[in-house]
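There is one chain below, alone, in structure tokens, taken in the form predicted on its own.
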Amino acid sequence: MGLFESGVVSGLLVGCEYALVGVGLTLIFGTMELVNFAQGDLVMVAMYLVFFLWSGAHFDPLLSLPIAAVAGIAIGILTYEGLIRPLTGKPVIAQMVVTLGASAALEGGAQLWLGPNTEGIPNTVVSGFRLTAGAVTVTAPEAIAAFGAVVCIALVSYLVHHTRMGASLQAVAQDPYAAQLVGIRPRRVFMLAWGISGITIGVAGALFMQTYAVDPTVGITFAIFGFVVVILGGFGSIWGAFFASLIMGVAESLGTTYLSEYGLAVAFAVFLVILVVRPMGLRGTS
């Protein structure tokens, strides 16, 4: 029974972290109906930023979190202004291809500039602490990363659903032309959406460096899980993406616990079963 409990808790913690990537993706899709294929690689950039702050200035990842969040905003806005906005009015597929090219460029550039080595932060401020309840033991970095992810997602959800800024986002998402008629500028709203998505990128970079190592290809893993939870949660739903991440995290963790290397296969099997039952996702509507 202890294995099962540990597997569930581990999966929930991992799911909370992966949810950050999914929420950033679903926010952009919900606003622009655009899939950002570079989201995982942008998280990789944020992770390298946090690593260099640690290796160069001895900044703990938690201390780097505000810096990474601000940098994430800049990354999101620059990505929109430099790659997406010039293609305004063009088919969405053209914008998607650009983000796919950006993903390849970021991965290739990181390999060329930084090499293929894996880099991690072995001793964070909280790395020596553990929480134990019965047969379940959770390290402090895992717990803090999951808690930080949930707090960030809750703040993003509040911003989108309970502020005037969020009302503008929802209005443009529903009908950008009608929103423009009442004085809302879609371009500014799109930039805002990318900036908020950038916050999740920066926060993810800081939190992930508590529990993961970084290399030029790590963004692929984050991107795959991000796309899966966006689909499973229902395109455009923040909390749908969050709960989908928890399901995928638990499925993978239990699969790994009982079936060793088949954990990922179990997670994707669960993904397919849920989509058969709910083709529009957990919180999607027809």
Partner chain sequence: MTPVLMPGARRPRPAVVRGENQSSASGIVGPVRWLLARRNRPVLVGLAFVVAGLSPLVVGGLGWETVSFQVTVFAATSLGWNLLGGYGGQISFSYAVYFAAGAYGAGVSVTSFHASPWVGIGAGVAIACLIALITGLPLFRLRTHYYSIATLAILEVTSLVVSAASPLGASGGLEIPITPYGLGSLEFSPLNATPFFELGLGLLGVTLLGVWWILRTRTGLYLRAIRDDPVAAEAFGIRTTWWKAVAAVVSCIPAPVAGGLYAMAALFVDPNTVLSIPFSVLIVLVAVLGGLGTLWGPVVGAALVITLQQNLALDLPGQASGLEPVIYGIVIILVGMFFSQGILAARPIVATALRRAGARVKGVRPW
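Numbering follows the first chain given and starts at 1. Predicted model, so just to flag it, every value in this text is computed and none were measured.
What follows is about the form predicted together with the partner chain, which we do not show.
Only one of Leu78, Val151, Leu112, Leu131 comes within 4.5 Å of the partner chain in the predicted bound form through a heavy atom, and that residue is Leu112. Screening Ala69, Leu63, Leu246, Val35 for any heavy atom within 4.5 Å of the partner chain in the predicted bound form leaves a single hit, Val35. Shown alone here, Ala102 lies within 4.5 Å of the partner chain in the predicted bound form, counting heavy atoms only. With a 4.5 Å cutoff on heavy atoms, Phe29 counts as touching the partner chain in the predicted bound form. Though the partner is left out of this view, Ile184 does not reach within 4.5 Å of the partner chain in the predicted bound form, counting heavy atoms only. Shown alone here, Gly82 lies within 4.5 Å of the partner chain in the predicted bound form, counting heavy atoms only. Contact with the partner chain, judged by heavy atoms within 4.5 Å in the predicted bound form, is confined among 133-141, 158-166, 89-97, 195-203 to 89-97. Each of Tyr262, Ala265 and Leu275 places at least one heavy atom within 4.5 Å of the partner chain in the predicted bound form.
In the predicted bound form, the residues of 204-235 lying within 4.5 Å of the partner chain by at least one heavy atom are, in order, Ile220, Ile224, Phe227, Val228, Ile231, Gly234, Phe235.
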